[in-house]
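Just one chain is shown here, as structure tokens, and it is the form predicted alone.
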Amino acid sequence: MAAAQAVEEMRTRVVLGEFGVRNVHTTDFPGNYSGYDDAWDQDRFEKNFRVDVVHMDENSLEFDMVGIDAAIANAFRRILLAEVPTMAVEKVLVYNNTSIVQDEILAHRLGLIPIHADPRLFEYRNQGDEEGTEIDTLQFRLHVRCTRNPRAAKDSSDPNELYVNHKVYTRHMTWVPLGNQADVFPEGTIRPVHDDILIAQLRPGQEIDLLMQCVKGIGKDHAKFSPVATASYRLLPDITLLEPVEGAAAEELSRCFSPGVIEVKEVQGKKVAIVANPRLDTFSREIFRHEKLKKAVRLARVRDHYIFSVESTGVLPPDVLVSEAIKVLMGKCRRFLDELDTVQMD
């Protein structure tokens, strides 16, 4: 019985010990365990696989993906970071820049501004094309000149009162439609995601006048095209009490974990510790600093239960980004199968 439990733990749990982590590598491949059928079975995979949305708002999404291997989870994460396309500033035509920000630094800052435009409605610009068209390019104009405020108090030292347009924000960027873009895209849909991103600061007499061209690209080519601020996953925590923990020890145990993980309840006049919500734990391993408690708890993670966190830059909603990443992964699988068919035919 103990041997069977040890095998099951090795197959399904990553165990965090005081001085290391056990069962890190996947071992449930065919023939590795006697009495287990680990051969690939599509029906079994479809039965065990599921996706549960835990939280979603305008810019962030948390969901559980259960029943997959780490390689698939990591491929999904990398696609979100580097292979889902967006629109970003690629070329900056500087007509006048008398600010203290050099042209190259200014162009780099502009490139990192997220642009609210659906990349699915645009094509990739052909390599070598100097002039963009309405199907592959967006244009923005930025023209700001700083002047003194004639109504400012003489004894004022506040730049916000002394100067007009001394801070250049993304709200100063004006969309310049190309071709029939004004008819295709309603007013206000093509814009920077945030209108309060500070681009540069000016003083009286200084001016920035430039034209920006945005193209479609992917994060693999440049980080400015990445559609997510972060895309990460972690394994679901699994915390098991190996023996009853009561009284003052229960209170001490609850303080070793993140709030909400361990609760102390009154049972028959005694304070007893129970595992309430292991999902909230960050595994600081504080428990291993307490000699009396560290043998009472087993810290582990469920091997095939991934908690994904996706935070969009605002270019597209996070649920759309996830669906687009799935499409990219499906496309990769199709290309791989086509290559296999081609090799077999040869």
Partner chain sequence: MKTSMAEGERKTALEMVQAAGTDRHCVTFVLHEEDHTLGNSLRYVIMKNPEVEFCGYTTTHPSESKINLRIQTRGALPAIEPFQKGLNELMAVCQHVLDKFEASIKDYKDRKASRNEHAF
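Residue numbers count along the first chain shown, from 1. Nothing here was measured: the structure is a model prediction, and the numbers come from that model. We call the rigid core the largest set of C-alpha positions that still match within 1.5 Å between the two forms.
Below: the form predicted together with the partner chain, not depicted.
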Can you pick the one in L280, M56, V302, A296 that has a heavy atom within 4.5 Å of the partner chain in the predicted bound form? M56
Of V261, I208, I79, V245, the only residue with a heavy atom within 4.5 Å of the partner chain in the predicted bound form is I79
Tell me, yes or no, whether C333 is in contact with the partner chain in the predicted bound form, where a contact means a heavy atom of each within 4.5 Å. yes
E311 within 4.5 Å of the partner chain in the predicted bound form, heavy atoms: no
Quick check on I326: any heavy atom within 4.5 Å of the partner chain in the predicted bound form? yes
Does L337 reach the partner chain in the predicted bound form if we count a contact as any heavy atom within 4.5 Å? yes
Is any part of 63-77 within 4.5 angstroms of the partner chain in the predicted bound form by a non-hydrogen atom, and which residues would that be? F63, M65, I68, D69, A71, I72, A75, F76
For a quick test of reading the superposition: does E18 move by 2 Å or more at the CA between the shown form and the other one, rigid core aligned? no
If we fit on the core, is the Cα of E339 displaced 2 Å or more between the shown form and the other one? yes
